[in-house]
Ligand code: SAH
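Coming up is one lone chain in structure tokens, specifically the form predicted on its own.
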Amino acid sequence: MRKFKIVTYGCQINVYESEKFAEFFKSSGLVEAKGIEDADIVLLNSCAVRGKSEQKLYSEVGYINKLFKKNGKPVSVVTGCVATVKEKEIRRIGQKSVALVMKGTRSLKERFDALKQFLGIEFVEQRREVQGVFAYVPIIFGCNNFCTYCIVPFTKGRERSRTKEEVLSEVRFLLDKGTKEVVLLGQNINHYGRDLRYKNGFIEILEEVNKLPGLERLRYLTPHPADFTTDDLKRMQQLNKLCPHFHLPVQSGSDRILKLMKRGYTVSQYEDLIEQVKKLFPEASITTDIIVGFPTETEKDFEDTKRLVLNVEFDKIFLAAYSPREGTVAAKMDGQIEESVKKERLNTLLQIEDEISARKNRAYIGKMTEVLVETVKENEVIGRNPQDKLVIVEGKGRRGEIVSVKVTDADKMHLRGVLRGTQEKDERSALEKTEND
């Protein structure tokens, strides 16, 4: 019996696609291997957003090629972003061990068809498996923005929305199978439905999914700050299952750099959006993405970014040093920043953000929070609260249930707490002991 292994790099949409590929292989009679060495076929779902992800892919392709030369297996099938733009390099490194290179711009159906032909199988019906208490559901693929640093429009293609009916059908199926939390996905999710001529597609799909019975929590990724409206935020206020967590990628705190990036907003406009979010959702957590070392970034530009970070006080920042991507406008710009400077600026922001994250997390100590249990261990459970904070809870619980937790400790990474009943029992025991003494 043939075995497969899937290795995934990059974003949540790649994670979703890899789940679909796994279902395809299983329904085609293959079984999942424990590791690459045990597999007959290894599917590599690649990411080209960062140079490191691309290099990891090449390394894996080379490793598989060594195994192939020695054992006659496995062969590799490469898809995703790097497959779209670097097919020649993949085949050069992988040689005869590379069986297929499938561009990430192709639909899943087209890639399934290519795999069927390669495997020599007939069509099999695909039915999504439910693997956890939360699930990703893409609603739009590709991107039309063409930010000057970003390769996604070239590797994922132009925006292509799924119909509301298709999205709702998949969410209903997941809820019927026990999913509690759904995360809607898109490279620029605010643009959902524009290509289908939906007038207000993004907020409308949130409202429709929010109504579905069985849903406990609703999230979405990734919005674009330039496309948020006050009306969207006010309508979000009415959604009782929408989690109070806003991921709003700012990328830089310098107007000059934002213009060079072609982001479509100023720092002032971004700060106005943050102010509206904090006013309408006072309990919300706010996270962001920031790139340091973009071409021509000066010390003043970097100081502007530091000022923004200190003013907003993000709950978490996903930081990255600028990585030139071949084919993008920014890769050809003059004024490329030295790696040592990028590293220094990155470390400076990391230190600032670590202090802010720890302080904001410690503000939860002594408060109650609701945790959706994702992982169950012997004497503790792990999950996330509505603000997307990772919470480690002392006590027992069931996977998929929402438990009330009193936060007892916190650091920059997570919160710690005890179940409400456990806390009350400990307090009663302490009181009784004091009275007896």
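Model, not experiment: these values are computed from the prediction. Each residue number is its position in the shown sequence, starting from 1.
Missing here is the form predicted in complex with the named molecule; even so, the following discussion is about that form.
- Looking at R50, you'd find a heavy atom of it within 4.5 angstroms of the named molecule in the predicted complex.
- Contact annotation for V312: none of its heavy atoms lies within 4.5 Å of the named molecule in the predicted complex.
- Contact check for A321: a non-hydrogen atom falls within 4.5 Å of the named molecule in the predicted complex.
- Heavy atoms of P249 reach within 4.5 Å of the named molecule in the predicted complex, making it an interface residue.
- Segments offered: 149-157, 212-220, 357-365, 82-90. Contacting the named molecule in the predicted complex at heavy atom distances within 4.5 Å is 149-157.
- Across the proposed site, K20, L44 and K103 without exception lack any heavy atom within 4.5 Å of the named molecule in the predicted complex.
- R325 is the sole member of R111, K180, R325, H245 with a non-hydrogen atom within 4.5 Å of the named molecule in the predicted complex.
- The partner is absent here; in the predicted complex, the one residue of S161, Q187, S285, S254 having a heavy atom within 4.5 Å of the named molecule is Q187.
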